[in-house]
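Below sits a lone chain in structure tokens, taken as the form predicted alone.
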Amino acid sequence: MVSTGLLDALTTGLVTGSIIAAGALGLSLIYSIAEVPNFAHGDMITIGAYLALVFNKPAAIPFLPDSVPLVGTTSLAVAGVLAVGLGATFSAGYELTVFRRFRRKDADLITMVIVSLGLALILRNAVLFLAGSKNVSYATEPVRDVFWDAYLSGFGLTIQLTQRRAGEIVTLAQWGYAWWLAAAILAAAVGVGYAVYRERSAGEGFDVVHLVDPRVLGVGAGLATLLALAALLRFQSGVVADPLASTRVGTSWKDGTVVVVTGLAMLALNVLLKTTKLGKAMRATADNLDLAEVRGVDVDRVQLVVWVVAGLLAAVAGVLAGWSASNVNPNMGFSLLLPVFAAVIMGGIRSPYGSALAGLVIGLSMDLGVYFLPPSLAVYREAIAFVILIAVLLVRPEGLWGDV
């Protein structure tokens, strides 16, 4: 029987990292522009998850009356969109009723930290009071995993697509690549990725701002080439009787959705920051708040928008985390807060792009650590993130991405 291995841990880590990255983007924005180290961000993630639960499965929340509109009729996709909108509205409320008032009183950094800690406790206890402490899950159709079994043999690489049905493993498809073909596909992918990176980075300077960083574009082009060629050049392969090595990767469309939604959120934020007048005002405020105000930037409006965007991203992270783990509870955001803070610090505390990259690195590190360590040490999964954080900061104190 084929067993899971390193590739399966990498896939799981990519999903974990996507959720951390979604949370880290919002936290980094608030710190870099509103200058608040927001310890309530984890509980904003929890609020987002429970807001989706209100529309998707209201019976799971004891505080709600029995006759709630849309009971049992709202899919998780629609509930998630409503939760994201409400999460952004709530976040605007935090800024208008709490943080703006303290900022106008010239509150220092320590005061803002204490205020955000107080807000975190208020939000968490509100969730406990209204929804209780039990673990609940969204009302969704069960998602069945698909297994990608890879066999290395004298022939080359054989891929077998299987699924467990009624207790039996059923083969859905099977194809293969000769050694020379697999090597050619890999070389072509690396070549295309490097060529795209060189072409996009040529002429890069202070006055040239790319919508997508050449490094990200190069990696994306390489992966797209690899997948496209692998799909086009596959051919039928027989059963591998005695493989040299084999491994299994379990995944589902749920995992793919988590990664794609996070990627789209990153792209939308990138477009906002780099191509809109509001985004330029946000970047100017992050660089120098006083100078931006002198040049006519409405700093209060910019900071309100930052809180709205951060609340939106926190709600996205909450819904994705609750759906991915099939578990929503009042402590879910707090358990994510430490990896999210680690991602923000590792990526460069004023760099949303670095935070997203660091979120992926931390997610991969946590799940790879679980894979390599003995099962009895799996409870130290989150500590691995901080070991990686310290190691990275020793080498690059400015963070992975720098101050961008």
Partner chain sequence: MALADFLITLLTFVAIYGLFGVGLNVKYGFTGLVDFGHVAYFMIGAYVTVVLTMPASVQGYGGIGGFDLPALFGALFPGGALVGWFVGIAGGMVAAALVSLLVGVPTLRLREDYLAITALGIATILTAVFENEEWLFNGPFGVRSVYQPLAGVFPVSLGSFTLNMVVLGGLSVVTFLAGGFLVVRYARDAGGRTRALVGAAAAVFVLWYFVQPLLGGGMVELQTNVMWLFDPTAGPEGGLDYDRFFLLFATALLGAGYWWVERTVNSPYGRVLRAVRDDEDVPKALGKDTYRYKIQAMMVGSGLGGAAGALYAIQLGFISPEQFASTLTFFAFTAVIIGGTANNAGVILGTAVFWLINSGTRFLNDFVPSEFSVQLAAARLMLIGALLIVILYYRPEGLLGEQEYDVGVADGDAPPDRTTGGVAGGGTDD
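C-alpha atoms forming the largest set that superposes within 1.5 Å between two forms make up the rigid core. Residue numbers count along the first chain shown, from 1. All figures in this text were calculated on a predicted structure; none of them were measured in a lab.
One more form of this protein, predicted together with its partner chain, exists but is not displayed; see below.
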Choose from 112 to 120, 77 to 85, 184 to 192, 261 to 269 the stretch whose residues reach within 4.5 Å of its partner chain in the model of the complex, heavy atoms counted.
112 to 120
Heavy atom of Trp148 within 4.5 Å of its partner chain in the model of the complex
no
May I ask you to state whether Arg144 is within 4.5 Å of its partner chain in the model of the complex, using heavy atom distances?
no
Does any heavy atom of Val370 come within 4.5 Å of a heavy atom of its partner chain in the model of the complex?
no
4.5 Å heavy atom contact, Leu338 to its partner chain in the model of the complex:
yes
Only one of Met332, Leu157, Leu217, Val98 comes within 4.5 Å of its partner chain in the model of the complex by heavy atoms, so just point that one out.
Val98
Sort through Leu128, Ala325, Leu289, Ala139 and report the residue having a heavy atom within 4.5 Å of its partner chain in the model of the complex.
Leu128
Look at the candidate spot formed by Phe39, Ile390 and Pro397 and say whether its partner chain comes within 4.5 Å of a heavy atom in all three of them in the model of the complex.
yes
What are the residues of 5 to 28, in order along the chain, with a heavy atom within 4.5 Å of its partner chain in the model of the complex?
none
If I superpose the two forms on their rigid core, does the C-alpha of Leu10 end up displaced by 2 Å or more between this form and the one not shown?
no
